[in-house]
Every structure is written in C-alpha cells, then in structure tokens.
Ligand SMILES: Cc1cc2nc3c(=O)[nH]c(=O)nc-3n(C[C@H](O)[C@H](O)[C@H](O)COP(=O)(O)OP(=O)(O)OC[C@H]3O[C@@H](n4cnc5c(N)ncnc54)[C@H](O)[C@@H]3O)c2cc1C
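Just one chain is shown here, as structure tokens, and it is the form predicted alone.
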C-alpha cells in the first residue's frame, strides 16, 4: 500500500483529500491528513463577524465532518518534514513515511514581526480580523465603541485575500451609517501599495469608491512600528498616522514547520512551480493554496481552482506522465462594498480584472468590476457553496479552473505581480 500524506486540513487540504479519495484506488493508496486543529473555519466569514452580519456558529464546524470516509485523520502538530527520507515527524514523536506529500499548511498572521504591535493593547485598541478570535473580539469592541479615528491597515504584501481590508473599510462605512454615528467616525485606509489594490484597473475603481464613501487613503506606507503609547503607527519614512482604533492585517507567514524543515522563502512559503504546483523542493512533494510562493492571490478561490488541476497532476505523476502546466493563476473574488452591494473581479497571471459578465459571457447574471446587489447576493450565497460543495470536492457548475476569456473586455496579456 502506497502512502499519500496531506499536511493541513484547511480549505486546500480538505479539498484535496476529497478529490483524491474519489480518484485514487483504495486498494493501492492510503491517504492520511494531519492537522492539530479541532475546527474547520469558514474564513471569508471573518470579514462579516465584526459587523454582526454572521454569528460565530455559522463560521466553524468540526474538521472530522469534512474528511471523507477512507481517509485517515491524525490530529497532531507537525514537527519536521524530512524530504531526503520521505518522512514527516509529528510533535508526539510519531513518524509518517510517504510516497507523495502535499503541503497545505496555509498562512497565518505574525503580529510579532512588527515592533510594538503586540502588547497590552493587542485585542483592546489594536485588532486583527484574519483570525476567529480576532474577528470575534473586534465585534465585541465595535458594539460598544463611541467613535473616533478608525484606521484600517495592511502591514505588508502578500496577504491572504488581498481585498479583505478594503471590504472591511467599506463595511465599516455602512455599519456606522446604520448606527447613525458615521459623522463620529473618521475612517482611513493605510496600505503599503500605491493604490487601493494591487491591480491598476481595479485600483482605479476601488479608489473612486473610497473617495465616494469619504474614506481617506494613505498609500505607500511601509510600517516600522506601532507606537501604542501615543496611538499612532509610524513608517520608515517618518510618516505617522494616528488612531483610536487600529484594525490591522499583520505580516502573513507560512507555517513554522517549513522553516524548521530547511526550505521555504523568507516568509516560510514553499517554492512551487506556478503552472504545475509541483514544489521545487523534491519531485514527490506538491504544494497548494496559501502555503505556496506562486504569484497568485492567496484566496480561497485560487485554492479551489488549484485543487482541480493538482488532482489531475497527482494522477499524472503516479502514472509517470508529464505534468500539465495548466494553472494560470485564476482568481475570482467578490469585493463587498457595503450598502448591500459588491464588485466581482476575475483575473489570472496575465489578465487584470476587467469589465464583462460572469459566468455566462453574454448575460452573466453577475457583472464584473461593477457594483451590484446581485454580486452581494453571490457573496452571501458562497457560504453555502463552501460548506456543501467546495470543500467536499464537488465541481461547481459553469465555473472553470482556468480563466475563461469569453465575455470579458480584455486588454493584451501582460505578466502581473499579485
């Protein structure tokens, strides 16, 4: 019996276990998933939790619920990957041999990377919303907050779901308007990039929305430290932004096991071929989702598209066939803009977000790069799709893993940095 080992039971790892259990012969392949967590979180919902749009019970379920029958689940921390011995060591001392390894260990916030971000003020006047606890604590803070200077801040790129901080600013505008206290809240969006988003065309549209909603933007802000005693953040050029409430996205980093195992870049992301998803560590090691260093968005939609392509490449690797260089960086994201509207963006390695229709070229019903209530409904419907289709490995009809160019107002191809 050959062994296929998956590290991580988040979105990517769970999807891969479901896809591969359906495709690999049970008499030939034992599939094992390792993750120390008890719960699987619907991470896109962390954005809505601070504004009381979702309840905590809607965002977490037992990991065991989504691991398919015939797959072995080990709930333990991973200590080390020994690529030369094709072996993984667990925290409890157990050692697991593998024929194929899939790294799906994701990314996490690392507030320790920014001077002054952690301290007595953490989760009191300085919050994140990229974790379940952070989003829940921020919800409790906002329920009682009287207003003041709200700063929404990105520490550095890349981050998971790059549009989420913008969405937070838009939803904050809507939230305080509904509470009849928008005039008491000064919202500022502080980012290390030169505009609202990493893609120029989408950035132009989103900058307009920030202006329309009276949200100030401070671009090109490379944070040096949080000065919590004086309620301000300071960048390396000496610029300062004052806050009463700081909602920050700390540095995002891959799992520490990648560093301990002696491979990975400076942020612990795994060097990975951007088209095949085979790592550059060893031929029998593959990586998916946020764990990779490929120049695609660290978003759930990207992991979804990667999973379909990686499943086929795992089969081709087992059969001794050349891997398909098929993944094109396809990302598809709803950008919540508040007041019951959202924008949908669809792009890949070579095409920026553009106008058009999705998923059907001529009539949508979703509009690309335009605000609409239909897009907002699509964003809300995605929670059901996630729990019932996406992580269980079911194909979502009319949604292709690679970017469909039909019905889009495309410009000439160019290499895009995410």
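Positions refer to the first chain, counted from 1. What you see is a predicted model; the values in this text were computed from it and never measured.
Another form exists, predicted in complex with the named molecule; not displayed. Remarks below refer to it.
- For residue 44, a non-hydrogen atom is located within 4.5 Å of the named molecule in the predicted bound form, even though that partner is not displayed.
- In the predicted bound form, the named molecule lies within 4.5 Å of some heavy atom of residue 298.
- In the predicted bound form, the named molecule lies within 4.5 Å of some heavy atom of residue 106.
- In the predicted bound form, residue 243 stays away from the named molecule, with no heavy atom inside 4.5 Å.
- This chain is displayed without the named molecule, yet in the predicted bound form the stretch 73-81 from 73-81, 205-213, 218-226, 178-186 comes within 4.5 Å of it by heavy atoms.
- Interface residue among 370, 26, 64, 36 relative to the named molecule in the predicted bound form, by the heavy atom within 4.5 Å criterion: 36.
- Proximity of 102, 317 and 324 to the named molecule in the predicted bound form is absent: no residue of the three has a non-hydrogen atom within 4.5 angstroms.
- Contacts with the named molecule in the predicted bound form, taken as any heavy atom within 4.5 Å, map within 1-17 to 8, 9, 10, 11, 12, 13.
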